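Shown next are two forms of a single protein chain, provided one at a time as structure tokens under the names structure 1 and structure 2.
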Structure 1
Amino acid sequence: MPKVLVADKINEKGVEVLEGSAEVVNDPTITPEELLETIDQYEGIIVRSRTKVTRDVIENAKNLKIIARAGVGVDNIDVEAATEHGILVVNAPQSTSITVAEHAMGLMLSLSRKIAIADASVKSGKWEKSKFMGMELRNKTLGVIGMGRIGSQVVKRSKAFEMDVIVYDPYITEETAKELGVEITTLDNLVQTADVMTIHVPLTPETKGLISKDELAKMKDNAILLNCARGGIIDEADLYEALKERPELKAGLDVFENEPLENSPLATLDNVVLTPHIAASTKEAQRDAAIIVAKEVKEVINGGTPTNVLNMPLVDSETFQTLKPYFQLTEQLGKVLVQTTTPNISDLNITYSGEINGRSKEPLTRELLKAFLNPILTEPVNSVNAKSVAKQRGIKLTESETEDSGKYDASIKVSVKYDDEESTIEGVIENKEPKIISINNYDVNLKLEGLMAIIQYKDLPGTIGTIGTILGKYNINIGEMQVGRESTGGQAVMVLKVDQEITEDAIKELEGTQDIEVVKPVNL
């Protein structure tokens, strides 16, 4: 019977799932040294956050097939090393959706009815009824930033309170919004309109400081701001100043820029409710997480395929060896797409050619979707759920093959449609490195790495020089440049590799210049 190690304390229901299918070794106090010495005995391991599954552990895990995290985050698992050794990594992202959504509703109610400060008042021997006049949620407008799994659950619960809902999510379609009974709007309008604003997006370079001084100044005086997503999305210093100056403005935070929270001026205010990152901490969520990952481990040791895979689906060895060089290419193409296309993607077509034809290209398609979707969702998109997530987002996916790969062994071309426009990008592997060879059918040839920029412009005398001059003005050095054009004086595209990040001010000046149409920075 295969052996499974439970290296951290999990709910007993998870252990019960495994009984009969595996010999379960429940050792929630195992030390790193003991783990390193004994890991080769196991086909599966279940951890929470305490146990670190490092590269050293993985390299000693001669029989390990699956690493399961009874929760969402996998910072304590070396996923890259696991992938290199053919070990599946799974988690339980769906286990906390309802729990976090309920916590957001709890903060909302606490702030709208001033429950926290009223409780403190009564416990101190006071009876200050007039001080705690509240606000009904009925007929108020809820603004949701991020309509992933958790955001959608908050919307469902807010409907029971008869709230109107507006959402800001560049990647939600009108069709999906209609099904959920919400109205899509801009971030600026949401900030100004919402009576309650709740955040459910990941922390990325784009969302860091998303709500800061300017946004806070636009909020209604009696509005409520909630964050159960990640610290850093709200600028806490700006929030403190806004709450201090406008006592009727309120905030509920479960996450912070630095945790644990220490010596924060926010803790001195009555119009804020603070909780210690416990939105996902319920007995039910811990139970569900244990059951979910135990079922995943059971599936794998019985020869099946799990659902919540974070690295890649299984393919036969021969196919994997053929596809292996192209995983990095599809990942980079996905990253370029998410940074250069406009919101509301409706169609995504992937055309494969050359030596990868005639084989299962599922892993490549899913890798591309994963790279494209992960930056815009709170919950991690993995190799198994990537297609279903894309479908939920209203993206129509098609895959096709063509024999012509030119002088290359293979090529991958991706076309996306949004509104009435279409954008394409084509890449290849050359000398073992991913390269971009075409953008919107303009020929280029550049490595997909580092800091880049894609610029659309009119091919007129002096335009290229103007671009170089403006970048130089902002101390941005051009390392490499490729240009492609349809005809002399017509539309053209430039791909730059730069040594410094292109700033917002530089982009505004470039796009404000005659004959320069669009500037899209890319960070790979």
Structure 2
Amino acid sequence: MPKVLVADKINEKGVEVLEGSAEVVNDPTITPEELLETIDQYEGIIVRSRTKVTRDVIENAKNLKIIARAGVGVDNIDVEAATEHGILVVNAPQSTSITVAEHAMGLMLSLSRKIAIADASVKSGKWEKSKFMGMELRNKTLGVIGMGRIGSQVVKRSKAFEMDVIVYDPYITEETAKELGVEITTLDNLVQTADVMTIHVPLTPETKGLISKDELAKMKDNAILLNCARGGIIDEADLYEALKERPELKAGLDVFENEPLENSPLATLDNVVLTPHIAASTKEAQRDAAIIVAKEVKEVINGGTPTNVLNMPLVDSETFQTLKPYFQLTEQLGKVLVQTTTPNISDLNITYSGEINGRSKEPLTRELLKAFLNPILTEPVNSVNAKSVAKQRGIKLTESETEDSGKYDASIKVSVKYDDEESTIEGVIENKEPKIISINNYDVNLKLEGLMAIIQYKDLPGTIGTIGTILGKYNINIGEMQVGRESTGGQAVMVLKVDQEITEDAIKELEGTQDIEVVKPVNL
């Protein structure tokens, strides 16, 4: 029977899953030296966060097929080394969603009914009934920021409280929103309308400081703000000022800019409930994580395919060699698309042509989806889960081939549909470099790299000069410029390479100018 090492303490239900399929060695105190010495006996290993599965361990693991993390983060596993050695790495990202959603509901109730502060008062010997007038949740508006795994569980629970739900998540489609029975809105409207606002987005450059002074100032006087996602999404200094000035405003926080929280002025306020990053800590979440990964290990040692894989090689090496130059191209196309389109796309069509035809292009499609989805999601999207993540998010994917790749060895054309619009980009490899050769069916020819911008404008005398003048005013130097147009005086598109990042102010000024319609900066 294959041997599986359980190297950290996991819930026994996980071990039970493996009974009959594997000889399980339960050694939750194994030392790094013992692990290095014995790992070659095992086909599977299950860890939590204590055991470090390093490159050295992986290099000694001659029989290992799968490394399973009974939880979410895989910082303790060298995923790259595992991929190089053809070892699968799996985790259980869905195991904590309900647990975290319940914690958010707990903070919500604690604040709406002043439970934590009333508890402290009673325990200090007081009986201050009139001080703790609460607010019912029924018929109140819940604003959910981020409608992923956790956000949707919060929505489900809030409906039992008869709350109305509005959602801000630019990356979900209208169709998904309809299925979930929620109304999509803008961040600005959500902030002003919500009685309770709850955050469930990943911490990304885009979400850092998402809720700062301006947003806090727009919140209703007696609103509740919750963060069980990541510290830094709310600006803590701004939050402190807002809560101090407006005692009816309330906040419930599980996560902080710096953890553990030390000497925070937030801890001096009555209108705040703080918990020490415990939103995901329940026995059930740990049990579910153990069961989920044990099932994955069982699947793999029986020759099957697991679900939550974080790595996996996909095609034979000859195909891989043919596709290799195009990986960077698809990645760049995905990155351009996510930065230039409205992100709640419904359809994504990829047309391949030229020398890559007649072979599996799975890895390229997945590379493109990875680049498109990774900036907006918490869990890493990888070549294995990319398609299923796209499907879960309501994106209809089609892939096709055409003969004609023009003068190039091969080309890749990607179109996305969102609302009533369509955006198309086509790229090729020329002199071993990825290039964009058309955008929205206007011909251009520019290397895909560094800081770029795509500008849609009306082809009228002076417009190109205006663009140059405005960028110059903001000290943004144009390195290269290409224009494509429908007809004289018609719609036109400009692709620029710039030496400095195009600032928000520069974009605002450009877009405020007659004849310049849309300015999208791209950072590759």
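Keep in mind that what you see is a predicted model, and the values were worked out from it rather than measured. Throughout, rigid core stands for the largest set of C-alpha atoms superposing within 1.5 Å between the two forms. Counting starts at 1 and follows the sequence of structure 1.
By the stated condition, namely the form predicted together with nicotinamide-adenine-dinucleotide, the second structure is the one that fits. Taking the rigid core as fixed, one finds a CA shift for E248 smaller than 2 Å between the two structures. For T330, the Cα coordinates differ by 2 angstroms or more between the two structures after the core has been superposed. After superposition on the rigid core, the Cα of E426 moves by 2 Å or more between the two structures. After superposing on the rigid core, the C-alpha of E501 is displaced by 4.3 Å between the two structures.
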